[in-house]
Structure formats: C-alpha cells, structure tokens
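One chain comes next, on its own, written as structure tokens: the form predicted alone.
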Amino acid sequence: MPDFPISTTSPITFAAPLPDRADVVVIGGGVIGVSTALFLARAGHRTVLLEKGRIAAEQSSRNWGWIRQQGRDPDELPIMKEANTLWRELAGQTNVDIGLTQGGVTYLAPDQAALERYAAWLPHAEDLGIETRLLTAAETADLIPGLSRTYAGALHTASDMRAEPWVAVPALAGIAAREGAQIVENCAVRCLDVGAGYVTGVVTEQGRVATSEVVLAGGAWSSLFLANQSIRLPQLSVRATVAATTPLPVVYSGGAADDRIAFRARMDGGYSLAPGGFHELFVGPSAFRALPKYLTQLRADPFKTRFFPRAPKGYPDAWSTPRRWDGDMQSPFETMRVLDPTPNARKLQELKSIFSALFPGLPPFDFISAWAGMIDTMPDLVPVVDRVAALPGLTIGTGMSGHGFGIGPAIGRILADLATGQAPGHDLSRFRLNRFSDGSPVTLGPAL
C-alpha cells in the first residue's frame, strides 16, 4: 500500500503528452474527474484529463473511504445505489487490490432522539429496496462487541462498503488510461478558451487544447475557477481531520459513527478515525459573499463548524488569492499544486482518547499517519451536477459535500453522459446550478 494521503512528493504516474485537440477535456483528477474520464473513454470519446498536481492528491485520497448508501439525501440515493454496483464491477477490472470490502455502515444512536431521526430516514431506503435496518440497543452491542458505551440503537446498512481511497482512485485512473483516456498530472488548466459565447478549448500552463466540451470536477477549487469565468457558485470548503492507527484487533469490519467519532477498518489492519460531524471553515471573500446562502444550514446545526478568520496563503478562499487572471498568467492552481491542510492537533488527541475509551479492550496504539482534507460543500449539502446554460460546452460536477468518494463512479458516468448529449438516467433537478440564483429556497434534505 502506498503512503497516504497522496501529495506533491508522490511520483507522477500519469504523464501523457498534451494533445492539440480532444472531444472532451476533464479538469480535476479526483474521483469525480477520474470516473468521468473513464466513462468518456469507454464510450469511445477522445478524452483528456488534466490535473494540476497528482491524481487523488486532495480530498479523494483524504476521505474516510466509506462507500455509503445509508443516510444519503433521497435525491442522491438512486445515484448512490448505482455507484455501489459500479464499485463492485470496477474493482474486478483493475489490476490492484483497492480494499473493497462489504463491511456495512452503522450510525450509532446516543439517545432516543437520534434513533427517531434514523427511523424517519428508513422509508427512503425501503423505497429503493436497500436493506437498511434499525437496530435495538442489544442488537447494536452484538454487532460491535466490546463497546463501553451503551447506545439507544443504531441504523445499519449491511450492503454498504469501504475501500482505500488512496489506492482506489489511482486504480480507476489506470482503467481509464488503459481504455484510451490521456491523463496529464502536474498540468494546471488556467482558464477556458471561449469564442462567440461557446467553449472552444482550455488554456493550460503547457499550452492550449481545442475542445468543444469541458467537464469541471475541480473539488475545492471549482468556485475559484468558475469565478474567473464570471460564473458564480456558492461553494465553500471546510477542513476535516483524519488519523490512521497502527494495526489493532478487529472490533468491527465496517464503518461506524456516533456523535463524537467515526471509525472504519482498513486493509492494513488499522483503523481510520475522524471527529464525528466536526469541520472547520477558513473565512475569506467567497465565504462572505456566500453567507446568505448558508444561513439555513447554520441555523440547523450552528455548532457543527468552527470558524477561522483567514485561510493560509494559497488556499482557494485566502484573502490574498487572485480572483482574476488571464491564460498567459500563472494561476492560483500552479501556486498550490496540492491543497494539503495541517490536521487539527487537538482533535487528534481527542480521537485517540475517545477510541481508546470506546473500546477499552484494545491494546495501546499509535497513529501511523494523520492528515486533513478540504471538503467542497454546498449550502444545501448536495452537489451541482449540471450543464451551464450561460456557457454552452461546460458541465460541472462539484460540491460533493463529503459524499464524493462513494458516489464518484456514478456521478462520473452521469457527467460523461451530460457532456456528450446522452440521457443521464436520473432526475438531476435537485442538482441544477441555477437553484442558487432562480429564487429557490435553500432546502436541506432529510440526510443524516
């Protein structure tokens, strides 16, 4: 298994020559962009994927590794069900072990109120034939032996899975490359080339690529890229901290979370730990502009996010980050090849204490690695997956709000179809771009 997460010190794996022309250019080498390129190439389109740093080096190798249907927004759930199937298929088409394991996902209910919220979500799973169960306190204790804490019950989906993101996403890129996609790492797209109101190409630091179709899957950088094209997207990014333990005895083979901690087994015998429901926002110009769109979310859960007055230099929403540049200028994407935030040291210590107390039977352990990632999020916690009416030739897939790894293959398939004029196979009205500009209220779904 490679070091995790992937960073600028990781070797360049994909170094195809930059072509003069492509049918479709995909911007961003995370799970969404990689999956899009895979399905475009599979359909026979001349596809180029351009990544400013390394494939999966940002949130796509820094997430929890959950492939989760459970708790999804109802409009995401049919897409996630497709993704669950695609992961199984794709795991068999790669030449590496991505750690795909059906261990289930469990939400532990600390009290009756939480259990009732979980029960209210159950009909959404039942409508799609997803076998999610509400467990009693005794069933919860049987499912995860050794818990020191007594829970009111739990929500459990046995068909949910996990995989190692720092292995899985590069493996998907390998499939895409073998099927004809040209993948170029360390090549930032500075801006779109536009003629007569239509996309005519992309301008990169290595030169221009002519194309009539571009898919933007830039994660935390998408809003900044679009703002330079005069397209407004109220997307922000929050920091989330994760740690990896040394190998430990098996307490649960899947992923679980309560109100304090989330954990899941890894293929190397350790566990990945993260604070439950805690994020940190570095306030910048975009955060101020987008604040009215986020009021609904803030009122619903005012203590979930900690705020900092400024982002470190070079971050997408740092005060000093340029908002405008031309194709012949160095862009912010070249200044920071990989967004590599420092993990929250206090949270790391808390994670160790909480996990040790939750499973007192475990031997002492250390962290072999700790990291943080910037999660691209939207005011209503669901992504934008849409064609841009104001700029024909541009398709956006961003704002996955922490859900991107699991749902990535299906979103990629959908984006590939949107970019090539095919029916997406799902109702995407909830994910339209103009919901933030057409007067629609910001609506939080019954996601968990």
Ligand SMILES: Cc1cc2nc3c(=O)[nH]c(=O)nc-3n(C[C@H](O)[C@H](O)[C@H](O)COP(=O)(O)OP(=O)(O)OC[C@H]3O[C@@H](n4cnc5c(N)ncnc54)[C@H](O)[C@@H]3O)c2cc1C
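Note that residue numbering begins at 1 and tracks the sequence as displayed. Keep in mind that this is a model prediction, so the values were computed, not measured.
Omitted from view is the form predicted together with this ligand, to which the following refers.
J.: Each of G153, R260 and G270 near this ligand in the model of the complex, meaning some heavy atom within 4.5 Å?
T.: Verified in the model of the complex; spot residues all out of contact, no.
J.: Which residue among G71, P316, G255, G219 has a heavy atom within 4.5 angstroms of this ligand in the model of the complex?
T.: It is G219 that has a heavy atom within 4.5 Å of the partner.
J.: Does A188 reach this ligand in the model of the complex if we count a contact as any heavy atom within 4.5 Å?
T.: Close contact exists here: in the model of the complex, A188 approaches this ligand to within 4.5 Å, heavy atoms only.
J.: Evaluate R62 for contact with this ligand in the model of the complex, applying a 4.5 angstroms cut-off between non-hydrogen atoms, and reply yes or no.
T.: Contact with this ligand, yes.
J.: Contact between K52 and this ligand in the model of the complex at 4.5 Å, heavy atoms?
T.: Yes - in the model of the complex, heavy atoms of K52 and this ligand come within 4.5 Å of each other.
J.: Using 4.5 Å between non-hydrogen atoms, is L394 touching this ligand in the model of the complex?
T.: Contact with this ligand, no.
J.: Counting any heavy atom within 4.5 Å as contact, can you tell me which stretch out of 38-46, 404-412, 419-427, 384-392 lines this ligand in the model of the complex?
T.: In the other structure, the partner sits against 404-412.
J.: Within 237-276, which residues have a heavy atom closer than or equal to 4.5 Å from this ligand in the model of the complex?
T.: Result: A240, V242.
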